[in-house]
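The chain below stands alone, shown as structure tokens; this is the form predicted on its own.
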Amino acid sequence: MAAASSSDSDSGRAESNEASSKWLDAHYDPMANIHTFSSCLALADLHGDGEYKLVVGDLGPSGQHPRLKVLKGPTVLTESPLPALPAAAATFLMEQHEPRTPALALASGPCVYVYKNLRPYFKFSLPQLPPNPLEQDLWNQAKEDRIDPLTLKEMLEGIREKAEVPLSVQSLRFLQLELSEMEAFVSQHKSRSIKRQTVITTMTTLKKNLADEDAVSCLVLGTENKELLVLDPEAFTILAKMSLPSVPVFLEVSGQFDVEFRLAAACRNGNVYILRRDSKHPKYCIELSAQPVGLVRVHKVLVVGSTQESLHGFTHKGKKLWTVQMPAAILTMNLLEQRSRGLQAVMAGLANGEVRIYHDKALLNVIRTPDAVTSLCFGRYGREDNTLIITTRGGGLIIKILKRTAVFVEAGGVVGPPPAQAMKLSVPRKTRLYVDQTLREREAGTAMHRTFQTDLYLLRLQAARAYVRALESSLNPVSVMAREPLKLHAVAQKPSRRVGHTLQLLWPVPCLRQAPRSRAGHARSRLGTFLPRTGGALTAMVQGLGPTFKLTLHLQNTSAARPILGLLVCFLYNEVLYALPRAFFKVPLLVPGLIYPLETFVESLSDKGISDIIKVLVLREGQSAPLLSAHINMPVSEGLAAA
């Protein structure tokens, strides 16, 4: 009884999930034996009968026995072998003549195989590349029996390691042989000319001159030779050739070839390059932090999937718009376009068996599959407009049909602005003062701006005058001369007691001024301002109560490597108020970067509670103009004043 009730509940839950899902399960075959990628899937009306078929470039199990398969519904309609592994499949219109049936292009190795009505129509081969001249010379010597196979192998290995031009397929095959097989290989191939052939890595289509859905399209090929080729749809000649810094692996295009187009190429070096119609080289570059695993254009946004389990949105100029983190590694990506509702979204197949659908960074839907997804394709299949084709890692095939009543919304609600945007802010009411001030600014805005500009110009003028006075009188603690790059610190203190305060001034200071005196023991330096771009700090310190103070100067040579010699220090003061035992002395050699302390004592002689300025000058021997100067406002000697 309990088992029956549990089975009934499971079936009821499955029916409810089916009813709430936006998809109808049309077909699931875990043994379909389809091993492919999203770039090798295409949907098209190959016979012009309104019945859309699925074209699959099948890699085969373990990458062996590749085949071209065409499916009608769940069954395989036709199947034909391929000479090499497929790189991409695309359908396009070659001409405007009736009947307007699309052609099928399949890129495999160095060739593009074009089919019409599922019959071979044309084979385009990439142009051969010039061989390495050193390699050509070695094979010519082998042809004339001037070198043995072992020497040929050693020299070819050296060329492969150092040369910029890669070796040909013939030389690479020769390097893989055993020693016993080399001589037979050389005798068989030495008479053949060296050919270097590149291969196709990716392919897409570009409208030629019209943006209509049934307009003629060109093929765009990405090659292992770091090039992009645009082919003419009728003559299959190369219309344009563009170079890239790396090998392209994913392509996205927009526009028309004859008018204007943009081409985005994700490459193996982890960058996405964007090219325009007239550019032979990339115009913009998007640098990714990891290797790309997919590239999809959604309207004007380039969505890139990376190996860091994340989706990134970029503009066509490379500006990053958003990033979404995935719960598992991204295996494949493709575009979901619902034309009836004008919706474009990106589908991401994950390693945990989920297919996530995003519109920008908003999650629209999650589809769970029994195995990891390897390829995705959405479009018209059979007679249904919105069909999703999924292949899994084990070779399974899943076909789902989007319900006609299905509407995609964000996981947290309807697509649109965040709910916080609709919340009203509690703005306070406008006061009478605010209204009067607003009216005044409207009426007298021009006059207020002129007054502000006048005051600003006056401030700049006063600052310039103060700067000139500071330079003329050397009232700056940092030298302005390139020959004597010096910096000065002045400190005055009482040697017996450490009581006092410190004031630090940093450059630039807005104006010249003299600091007020204080009975608490403050002493501030009057300094020049608006110094050159040599940063510094001057600390003027007075500690103690007097009458004897210790005056310490700190001189520093700010030069990078040149020492300074021949400097003098001079003190100018009122001899009635102060006495200095060393009022003039020489400065030793100043090594760059070191700070040299120069000490002297100052004794206050007045008992009337007054003080004065002591000027400190740093001079060069034989010159009267000082290099540096500092004006120290000495504090009142509290000991003599109290006595």
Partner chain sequence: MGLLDRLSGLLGLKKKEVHVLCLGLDNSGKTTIINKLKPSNAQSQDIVPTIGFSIEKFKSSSLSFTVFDMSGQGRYRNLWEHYYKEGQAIIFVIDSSDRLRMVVAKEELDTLLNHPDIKHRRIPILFFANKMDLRDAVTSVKVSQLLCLENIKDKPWHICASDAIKGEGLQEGVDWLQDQIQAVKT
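Numbering follows the first chain given and starts at 1. Since this is a predicted model, take the numbers as computed values, not measurements.
We do not show the form predicted together with its partner chain, though everything after this point is about it.
Visitor: Just to be sure I understand the contacts: of G73, G394, G353, G318, which is the one whose heavy atoms reach within 4.5 angstroms of its partner chain in the predicted complex?
Guide: Result of the distance check: G73.
Visitor: Which of these residues, R383, H97, K300, K123, gets a heavy atom within 4.5 Å of its partner chain in the predicted complex?
Guide: So the residue touching its partner chain in the predicted complex, by this definition, is R383.
Visitor: Given the stretches 398-406, 435-443, 462-470, 146-154, which is the single one in contact with its partner chain in the predicted complex, using a heavy atom cutoff of 4.5 Å?
Guide: Selected stretch: 398-406.
Visitor: Would you classify H27 as touching its partner chain in the predicted complex, given a 4.5 Å non-hydrogen atom cut-off?
Guide: Flag for H27 set to yes.
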